[in-house]
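The chain below stands alone, shown as C-alpha cells; this is the form predicted alone.
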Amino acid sequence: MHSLDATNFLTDDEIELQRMARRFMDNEVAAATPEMEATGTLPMDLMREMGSLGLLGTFFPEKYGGGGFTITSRAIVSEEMARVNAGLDISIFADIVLFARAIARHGTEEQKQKYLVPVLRGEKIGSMAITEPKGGSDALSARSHARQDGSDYIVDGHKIFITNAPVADFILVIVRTEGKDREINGGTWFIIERGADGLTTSQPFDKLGMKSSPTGEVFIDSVRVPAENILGEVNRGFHYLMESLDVERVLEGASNIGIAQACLDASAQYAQERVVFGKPISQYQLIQEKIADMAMGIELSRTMLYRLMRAVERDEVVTREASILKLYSSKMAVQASSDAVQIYGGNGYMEEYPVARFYRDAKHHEIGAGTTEIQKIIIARETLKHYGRT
C-alpha cells in the first residue's frame, strides 16, 4: 500500500470506498492485466464483478443501480484503477464518465432503464464518439450529419480514435443536424446500438500504450435511428458537450495521479533493493531527486484534484482550473514514468517490468481529452478574461 493517499480530503464513507477499490484493483485487476494487455479486451466477468461491487456506478442514483455517492467517488476509484491498469481506467472513463453520465444527465426515463442500468451493472459497455478524421479538438467542425426522415433520422459519419468502439454495445454519437460549421447550435446526440444496419466498427488499433483499452473507428452508413434514441434536445448536443468538458478534465487528473503513484511505488521499492557500488541506489542524490519530484507532483496534483471535485459538487465553474490540473498532472505523470524507467535502468526498458507500461500509458493523457497545447490556450484565455478584453 502506498503511503500517500487522499484520506485527508475524504469522508469516512469515501475512505471505505477507497479501501475497497484498492483491494479489488490489487487482487483482481492486477491478475487480469497481463491478459488484457496482450489481447486488448475488456473481460466481461471483470466488468460484471465491478458492477456488482458498485465500482462502476458510484455517483449515480441508487434507483439505477448506482452507489449514491457524489462524483468525487469517481475520482477515488479512477486513481486506484489507474494505479494498477490505466488502460482499464480509460475504458471505464468512456463507459461511465462519458456515456453513462450523459444518459443520466440528459436521458429520458426509458433511456435510463434501457441503457444506463445495464452499463452500471457491467453487463453492457458504452462509448462516446466525438473525434473525426479531420478534427479532434475542433469538435464543432463535425462532418458527420443526420437528416430527418419521417419520425426517424438517417445518420451518416465517420468517427476515429473512439475508446471502446470495437466492443461497445451502445455508442453515443454526436453529429450535425443543423447550422454551419463551427456553430455551437446544431449538434445532436444519437444513441446507436451495435447491430444497427449500417453501423460498423474497426478492429482495435495497435497503440503505443493503453493496450488494455480497445480503441477503434466507427463507420455510420445511412443508419436509421428512431427519435426515441435522440439524447436530450435536437440541436443542443454541442452545448451538452461543452458543459461536460470541465468535469472530464478534472477526472483525467485522477488517472494521471494513479499512474504517477504507481511509478513512485515501484521506484521507491526498486531503488532500495538495487545495489550499485556497494549501496542501494536510493542513497544516491540524483535518484533521490527523482523520487522527490514524483512525490511533489503527486501531492500537488492530488490536492488540486480533490479541491476541484468538491467545487464540481457545488456546481462551480472550473474551466481554468480544470485545464491547469489536466495540463500539470499529465506532464507530471509523463515525467514520473520517464524517471521510473531511468531508475530501473536496463530493466526499465524490459516489458517484464511494469514501469515500461507506465511509460507508454502516461503519454495518452497529454493527448486525450484535449491536448497539452489546447489546455494552454484555455488557461491563457480564461486568465486574460480577468484583465479585460483579449
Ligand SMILES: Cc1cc2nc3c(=O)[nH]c(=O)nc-3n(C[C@H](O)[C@H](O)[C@H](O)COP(=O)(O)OP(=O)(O)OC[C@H]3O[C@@H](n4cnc5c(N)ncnc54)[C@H](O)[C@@H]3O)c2cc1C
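Every value quoted in this text rests on a predicted model; they were computed, and no experiment measured them. In this text, residue numbers run from 1 along the sequence as written.
Although not depicted, the form predicted together with the named molecule is the subject of the following passage.
Scanning 112, 310, 207, 121 against the named molecule in the model of the complex with a 4.5 Å heavy atom cut-off leaves one residue, 207. With the partner omitted here, the residue from 116, 129, 168, 263 that has a non-hydrogen atom within 4.5 angstroms of the named molecule in the model of the complex is 129. None of 283-291, 207-215, 141-149, 75-83 except one has non-hydrogen atoms within 4.5 angstroms of the named molecule in the model of the complex; the exception is 207-215. Using a 4.5 angstroms limit between non-hydrogen atoms, residue 13 is distant from the named molecule in the model of the complex. Taking non-hydrogen atoms only, residue 379 never approaches the named molecule to within 4.5 angstroms in the model of the complex. Although the partner is absent here, residue 18 lies well away from the named molecule in the model of the complex, with no heavy atom inside 4.5 Å. For the chain shown alone, residue 162 is a contact residue for the named molecule in the model of the complex, at least one non-hydrogen atom being within 4.5 angstroms. Contacts of stretch 345-384 with the named molecule in the model of the complex, defined by any heavy atom lying within 4.5 Å, are made by 364, 367, 368, 369, 370, 371, 373, 374, 377, listed in sequence order.
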